[in-house]
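One chain comes next, on its own, written as structure tokens: the form predicted alone.
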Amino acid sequence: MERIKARVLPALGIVSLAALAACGTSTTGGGGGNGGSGPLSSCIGSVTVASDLPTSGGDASIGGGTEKGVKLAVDQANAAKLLGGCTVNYIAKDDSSVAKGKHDPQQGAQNVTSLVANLAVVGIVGPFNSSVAVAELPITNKAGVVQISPSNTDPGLTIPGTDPDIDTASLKPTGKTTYFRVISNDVVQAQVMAQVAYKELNLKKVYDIDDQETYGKDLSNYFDQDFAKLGGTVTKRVSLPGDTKDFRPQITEAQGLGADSVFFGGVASNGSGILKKQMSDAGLTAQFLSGDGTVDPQFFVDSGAQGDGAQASSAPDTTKLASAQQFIQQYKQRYGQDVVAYSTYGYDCMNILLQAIHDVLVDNGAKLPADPVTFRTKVIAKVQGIDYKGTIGETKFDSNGDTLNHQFSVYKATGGKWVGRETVSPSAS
């Protein structure tokens, strides 16, 4: 396993690796069990929370592994009596559809429509994919239900003008922030990969393929822009449908253009592993590069041993953090498998939601608010103001709902696994 080393890029601010070594507690008050004589010991009833993640089809490994982290947080909260005499009821939704065999924005929209109609639901963890977020956010925002995503990176979800395909204002019809995410955006991620590609790997000519989805297209847009600014050449940009199975024409073209690298803007369920395997089969030795959508066990299902050598950015590698070790051990003991890249992020998302609920109940004298609209509104306010120290480090949100953490790790495909190679920390300039 390669050693993670911290590096700094000349843009976009902030957090140090030291901050990510924080312990798993919240500074917003009252964490821990509340049974016995605790502040919520007299609480009566149950609180319902939910998740909406792709847990079947081509996203089953990455989405399912993330949902397992979410579920573990709920189970631990109930065992520790986080809400005292009240219990946590959990609803898990799958936004994959049989028709697509992977994440489906239409399915996601149906899921959250059902969830917000259930007045007992006070918060949702998810979605996983940015394209699904575009379909879901107007629904949950209008209903006044908080969503916290472990993995959405498209900047257009929260920052107007950053993705030409997204009308950010339309995602927030009430004008109020109800959506939050614990990972930074593709403006940062693309900069990280462009810097690593050009300055560290000494790559100069890239052939770029995106999967035509919200996330993939925008990530490729920013990568191309940043790579060119550094002095690199984008030999060609191609957009292919997410169900593409034959990349050989593009591979042949990349060879003819003398590309020393191929960038894939997209997710593993849309063929990143297939592309890497076909590159190897064709004898194309160009470096394969991608983003967090590719750091998924599905990549190796499709690429086999020929996936080795690929490099991709993703959420900061928490397997090296002291703050995540207890959770990682508990996860493996519970499920008999290793965490995936976003297991810890899903875990912290749910813990943030549960902590917010806890704090609302404390403020309300250990009673469930009688009005569900008021309950939901108060939970949103608590999430907005939270300072949570969990497995991924300290999480705070800005007024748009974006995390104040701006880091990504670079992973290398090694022996059929994604291994964290280095963590890059952008700094203000």
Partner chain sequence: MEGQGEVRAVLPPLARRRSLLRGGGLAELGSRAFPTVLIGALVLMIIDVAARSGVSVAGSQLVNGITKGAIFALIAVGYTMVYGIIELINFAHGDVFTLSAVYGKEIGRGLSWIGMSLWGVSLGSLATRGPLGLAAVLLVLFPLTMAATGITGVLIERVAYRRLRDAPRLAPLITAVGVSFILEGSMLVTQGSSNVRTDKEGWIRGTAFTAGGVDVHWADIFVVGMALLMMFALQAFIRSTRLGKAMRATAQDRDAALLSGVNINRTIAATFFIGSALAAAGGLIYSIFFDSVVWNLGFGFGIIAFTAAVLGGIGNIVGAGLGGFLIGLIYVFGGQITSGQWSNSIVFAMLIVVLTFRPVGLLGMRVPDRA
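Residue numbers count along the first chain shown, from 1. Bear in mind that the values here come from a model prediction, so they are computed numbers and not experimental data. For clarity, a rigid core is taken as the largest C-alpha set superposing within 1.5 Å between two forms.
Separately, the form predicted together with the partner chain exists; it is not shown, and the next lines address it.
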Proximity to the partner chain in the predicted complex, single hit among K71, K320, K236, K199 (heavy atom within 4.5 Å) = K236
Here the chain is shown alone; which of A143, I159, I91, I274 has a heavy atom within 4.5 Å of the partner chain in the predicted complex?
-> I274
Just one of 296-304, 221-229, 111-119, 190-198 has residues with a heavy atom within 4.5 Å of the partner chain in the predicted complex, so point it out.
-> 296-304
Is there a non-hydrogen atom of D246 within 4.5 angstroms of a non-hydrogen atom of the partner chain in the predicted complex?
-> yes
Flag Q278 as yes or no: does it have a non-hydrogen atom within 4.5 angstroms of any non-hydrogen atom of the partner chain in the predicted complex?
-> yes
Does the 4.5 Å heavy atom contact test between E253 and the partner chain in the predicted complex come out positive?
-> yes
Applying a 4.5 Å heavy atom distance criterion, does P241 contact the partner chain in the predicted complex?
-> yes
Members of 208-226 lying within 4.5 angstroms of the partner chain, judged by heavy atom, in the predicted complex | Q212
R181: with the rigid core matched between the shown form and the other one, does its Cα shift 2 Å or more?
-> no
Rigid core superposed: D348 CA moves 2 Å or more between the shown form and the other one | no
